[in-house]
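Quick setup: the C-alpha cells below cover two forms of a single protein chain, split into structure 1 and structure 2.
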Structure 1
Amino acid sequence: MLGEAIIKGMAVTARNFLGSYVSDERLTTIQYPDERQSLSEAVRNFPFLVYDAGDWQKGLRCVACQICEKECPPKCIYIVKSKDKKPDYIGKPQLYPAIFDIDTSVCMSCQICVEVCPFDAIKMDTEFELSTADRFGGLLLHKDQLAKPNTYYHKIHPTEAGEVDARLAAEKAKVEAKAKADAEAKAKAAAAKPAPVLAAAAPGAAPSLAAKPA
C-alpha cells in the first residue's frame, strides 16, 4: 500500500516523542547552564602550569626549558627564561620562566606540550567557559593566570595526577637517598681526616624572585 512505510516511520517518530516523557534514554538533551554534565577525567581544553604547595611563584614546576615552545604545532607558547635560578622540587637550582604566555586564540588543544614536557609542569585544563570581550588581551594568558596548584590538578585529573605525584616522589626519594649515601660516605671520609665542615649542604635559599611581569 502506498504510504505504508511513511505511516510506519511516523510510528517511530511518535514512539520517540512519547518515549521522551518516560525514558531518559530517549530524552537526550539537558538544559545547559542550569544542568551540567560531568566531564570525563581525560577531557582537555587549554594548558595550565602546575605549582606545588604554597606560593605559585616559588612552587612552579616549569624550568623554562622551552621544549613545549619548540614542539607546539601552532606556536602559541612564548617563554622568556629567567636570569637567576631557584631550586626545584628535588632541590636542584633551575631556571624558571620570567615570562610564560599562552595565546589561547591560537592554541588548538592538541596536548603535545604536555606529552613532551619532561618535568610534568604543564597539564591540560578542563575549563571551557572562557569567553571574553577582549579579543587579543583576554585570550592571551600570562604566567599568573596559567599557574594553578597541584591540588587543582588532582581535582580535575585525579588518576593522572596521582601517577605523576608518585613518579615525582619516587624520583625525589631516589635523589635524597643518593644525597644521604654521599653524605655518609663523606662523613666517613671526614672522620678519617680531621675536617671540621660536613659537606651535606642544602641548596641555598631561593633567590629573590623578580617582580611578576605585568
Structure 2
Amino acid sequence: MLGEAIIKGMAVTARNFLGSYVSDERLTTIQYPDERQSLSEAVRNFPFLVYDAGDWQKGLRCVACQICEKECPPKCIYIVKSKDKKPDYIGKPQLYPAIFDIDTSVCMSCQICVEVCPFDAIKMDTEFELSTADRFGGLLLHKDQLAKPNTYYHKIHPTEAGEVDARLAAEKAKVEAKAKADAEAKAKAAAAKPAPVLAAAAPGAAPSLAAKPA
C-alpha cells in the first residue's frame, strides 16, 4: 500500500511519545549534558595506550614495534622507537616509544591498530567529548595523553579486559614455569657433574688434577 512505511514510522513515533509519559524506557532523548547515556561495551571512538601498575612511563605495554603505525590506513599514528632499554613495571628491560602520537582529526576509528597489536598495548576508548578550537594541535594526542591505566580499560570494556588479563597471565605463568624448569635442570646437571680430585703425584712432582672415575 502506498505510504505504508510512513504510517508505520508515525506509529512508532506516536507509541514512543505517548509511552514516555508512563515509562522511562520510551524516552528516546536525554537532557544532555546534564544527563549521560550509558554506553555499551562495544562502543569505540579513538585509541589509547594501556599501562600496568602505577607508573605510566614504566608500565606502558607498548614496546614500539611500530606494527600499528605501518598497518594504520589513514597513517594517523607516529612512533619513534627508543635507542635504549629501560625496566618495565616487572623489571624486564624493554624498548619503549620515545614518541607516540595519534592525530585524532585523521583517525577513522577502524580499530585495525588494536587488532594487529601483539602486546595488547593499544585499545579503543569511549571518550567522545574531544571538541577543541585548535583543529590541529588540540587533536594531536601525545604519549602522556594517550596513556591510561589497565583499571580504566576494565571500567569501559570489562569483559574484553578480563579476557586479555587472563590470557596475559597464562602466558606469563607459562614463561615463568619454563624458566623455573630450565633453572632446575641446570642445577641438577651441575650437581651430577663429578668433582675433580687430586691424582697421586710422584715424589718431588707437582700435584695435578684428574677426574674422579665413574
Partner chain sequence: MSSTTVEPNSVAPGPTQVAPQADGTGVPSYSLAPKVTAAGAVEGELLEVSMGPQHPSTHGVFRMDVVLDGERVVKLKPVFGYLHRNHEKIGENTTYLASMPYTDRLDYFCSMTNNWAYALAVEKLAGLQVPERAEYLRVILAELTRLQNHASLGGFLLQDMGAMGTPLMYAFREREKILDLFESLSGARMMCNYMRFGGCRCDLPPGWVEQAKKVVNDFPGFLDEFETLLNENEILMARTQGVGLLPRALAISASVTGPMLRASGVNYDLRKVDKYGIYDRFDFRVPLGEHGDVYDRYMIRILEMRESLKILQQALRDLPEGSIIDPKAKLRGFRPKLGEAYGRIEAPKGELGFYLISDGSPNPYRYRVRAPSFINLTILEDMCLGHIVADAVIILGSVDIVLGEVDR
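Residue numbering: sequential along structure 1, first residue numbered 1. Please read all numbers here as calculations on a predicted model, not as lab measurements. Just so we're on the same page, rigid core means the largest C-alpha set that superposes within 1.5 Å between forms.
**Q** Which depiction, structure 1 or structure 2, is to be taken as the form predicted on its own?
**A** Comparing the pair, one sees that structure 2 is the form predicted on its own and the remaining one is not.
**Q** Do Cys107 and Asp182 belong to one and the same rigid part between structure 1 and structure 2?
**A** Segmentation between structure 1 and structure 2 puts Asp182 in the same part as Cys107.
**Q** Given a two-rigid-part description of the chain, what is the rotation angle of the smaller part between structure 1 and structure 2, in degrees?
**A** Hinge rotation between structure 1 and structure 2: 31 degrees.
**Q** Could you tell me the distance the CA of Leu27 travels between structure 1 and structure 2 after a rigid core superposition, in angstrom?
**A** Its C-alpha position differs by 3.6 Å.
**Q** After superposing on the rigid core, how much does the Cα of Ala11 shift between structure 1 and structure 2, in Å?
**A** Its C-alpha position differs by 9.6 Å.
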